[in-house]
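We begin with a single chain expressed as structure tokens, specifically the form predicted on its own.
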């Protein structure tokens, strides 16, 4: 059965199963992710949520033992066909990782890096405009406008994570995937990231893996609960917070296990 909502679908998984070698990681996951929403993926460690996230932009292709069955579509186009441009998919569906990973280069060059790689004809004032706009979108410009030529590694952890988001925004993605983006950050930096994501969903579709249930319910429009490789429940966050359909979902949310 397809877990869906009555909104325009951006990403969709049908009968998605996955393995690392002989070890199953996902079991027949069916879900439709609405455009311009934040979808929070929750569940205990090892339940499959990060594997599912990486399936959405084919990051698991980099793991030799990985294989999958089923279908994932972006705007109704299968992203796993043989003629798929994987570089294009990863530009359209960008990812931010658990640990901030700015490149060992200036703040400016961090944001400009992807633009230079994807479109070598962009330079000068046009490139500067893209960098400034991306830093503004990431709510970072005011904090780094006098540090553009300093190393991105000199920024605080929270600033580094927003720098990574700015670097992603510069290449104009359509979907932003985040895997535990605040787990290494203090509460103040976490709050800034959450505010940023709520603003960004006006222009992007966002999928966030998080172990922080408070965060999931603060920022998500929809919640997907994974357990043992299965998507047990998917629905509006407000409904799951009050009355989950499945007892195991209620048990996890209430802290009975996890």
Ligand SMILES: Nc1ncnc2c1ncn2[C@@H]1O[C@H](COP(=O)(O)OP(=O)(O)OP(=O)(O)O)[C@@H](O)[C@H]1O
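Positions refer to the first chain, counted from 1. Please read all numbers here as calculations on a predicted model, not as lab measurements.
What comes next is about the form predicted in complex with the ligand, which does not appear here.
Proximity of residue 211 to the ligand in the predicted bound form falls within the 4.5 Å heavy atom cutoff. Using a 4.5 angstroms limit between non-hydrogen atoms, residue 54 touches the ligand in the predicted bound form. Although the partner is absent here, residue 34 lies well away from the ligand in the predicted bound form, with no heavy atom inside 4.5 Å.
Contact annotation for residue 44: at least one heavy atom lies within 4.5 Å of the ligand in the predicted bound form. Comment: 44-52 is the region of 44-52, 213-221, 200-208, 185-193 lying near the ligand in the predicted bound form, near meaning a non-hydrogen atom within 4.5 Å. Within 4.5 Å of the ligand in the predicted bound form, a heavy atom is found for not a single one of 108, 132 and 174. Contacts between 11-27 and the ligand, taken as any heavy atom within 4.5 Å in the predicted bound form, involve 20, 25.
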